[in-house]
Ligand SMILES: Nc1ncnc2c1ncn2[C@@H]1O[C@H](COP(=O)(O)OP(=O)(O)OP(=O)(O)O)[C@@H](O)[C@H]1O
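In the form predicted on its own, a lone chain appears below as structure tokens.
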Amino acid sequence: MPEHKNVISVRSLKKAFDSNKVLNGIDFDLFEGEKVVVLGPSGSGKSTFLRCINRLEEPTSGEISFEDTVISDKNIQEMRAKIGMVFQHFNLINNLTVMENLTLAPVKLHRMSADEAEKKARELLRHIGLISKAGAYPASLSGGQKQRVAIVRALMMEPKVLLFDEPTSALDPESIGDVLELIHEVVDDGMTIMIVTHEMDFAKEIASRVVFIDGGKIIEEGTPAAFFSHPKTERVREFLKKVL
């Protein structure tokens, strides 16, 4: 394991929706600077795992800690400012402009003044080539543009950890490349990330660790080289035959 600080610690995490047991006892640690790719078949619990970490879902049982504090003990908005999340379907606020989407949370949560937030937002929009869209509404943007704005919105809060839940699955092939390039920049800047993705080549390229979930449990984990070239379990070998 990396010789870095433990940022997120998960112990005996379970989540059920009525009789449907989605997570069945997950133990997991995320260390500062890690790039963890979460793989697994549809319905395996990957997205629910991320949503529990961000407190979009409350665990049925178990414990999640962020920087040695149980997250249920923290103010939810304070915690989400430190653990950002990028969603599959963007989750931009449709009746706000791009600029308003980017500056709302930093100003509302008193992390920046309105002037500071707008200055930072303009810098980020200029960097991703979307400064001309600052006054546009989300409905006028392409899927790839929406997702890049959503990533910038998460970065506006200067989080310690960034979670990506299948950020390219709703995009057309051309847009996927633009979004993956931006995520690559985020990774290169040293952000600690967890990403659920079906983009296997991208996973091999950016991951420092791969975690495979099936049936609500972590079945196998390891370095990309070990995971993709020398899987330890038959279940992972079956999965890789289908996706590679």
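Please read all numbers here as calculations on a predicted model, not as lab measurements. One-based numbering along the sequence shown.
Omitted from view is the form predicted together with the named molecule, to which the following refers.
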How about residue 166 - does it come within 4.5 Å of the named molecule in the predicted bound form, if we only consider non-hydrogen atoms? yes
Partner proximity in the predicted bound form: residue 42 to the named molecule, non-hydrogen atom cutoff 4.5 Å: yes
Does residue 236 make contact with the named molecule in the predicted bound form, using a 4.5 Å heavy atom cut-off? no
Residue 199 near the named molecule in the predicted bound form, any heavy atom under 4.5 Å? no
Exactly one stretch in 58-66, 178-186, 34-42, 199-207 has heavy atoms within 4.5 Å of the named molecule in the predicted bound form; which is it? 34-42
Check each residue of 5-26 against the named molecule in the predicted bound form and list those with a heavy atom within 4.5 Å, in sequence order. 17, 20, 22
